[in-house]
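Starting off, we have a lone chain in the form predicted alone, written out as structure tokens.
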Amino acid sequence: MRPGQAIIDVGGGTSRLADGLLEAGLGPLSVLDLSARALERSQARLGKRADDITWINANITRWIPPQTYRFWHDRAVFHFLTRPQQRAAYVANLRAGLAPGGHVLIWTFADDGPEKCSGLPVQRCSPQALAAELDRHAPGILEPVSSERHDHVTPMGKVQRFQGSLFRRL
């Protein structure tokens, strides 16, 4: 990534990714989250620097991207989309919002990760299953680049297995 290339953090809520991207001089930056409260917390934490971010309080399956982004980061939103029509709407917005040659990094619970998060059911994915699901809704649009596993330890000491898959828009 280079300065001047648009970035969106989907599900960014109270994440500190925006802080790091601002520190690195990257962006323009947008943060989208379903929770207005989470966005407000990040804005308060960032103070005046929050003015350098476009804050979007929306449901990703109903939001229409107003521009294209060079990098789309999904902070474990996709795995909450358990119905095919939700995933189809997400991928339609991804297709509309990701610039050709741009990259998308999607974090989901791994195929051996939790079946629920905060009491809600999730769609667990292997990198191959995620790639197949994206290709089902937008054939030939995304090329897998890499994937990695991550074991996240919760404040309660439980291990949650995630996988992150990076794709390039063709």
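Keep in mind that this is a model prediction, so the values were computed, not measured. A residue's number is simply how far along the shown sequence it sits, counting from 1.
FYI, the form predicted in complex with a small molecule isn't displayed, but the following is about it.
Which one, 140-148, 64-72, 126-134, 34-42, holds residues whose non-hydrogen atoms are within 4.5 Å of the small molecule in the model of the complex? That would be stretch 34-42.
Which residue, 53, 60, 110, 104, has a heavy atom that falls within 4.5 Å of the small molecule in the model of the complex? Filtering the options by heavy-atom distance leaves 60.
Hey, with the small molecule in the model of the complex, do 97, 99 and 167 all fall inside the 4.5 Å heavy atom range? Judged in the model of the complex, none of 97, 99 and 167 sits within 4.5 Å of the small molecule.
Using a 4.5 Å heavy atom cut-off, state whether residue 76 contacts the small molecule in the model of the complex. Residue 76 belongs to the contact set for the small molecule.
Answer for residue 46 alone: is it within 4.5 Å of the small molecule in the model of the complex, judged on heavy atom distances? Residue 46: no, not in contact with the small molecule in the model of the complex.
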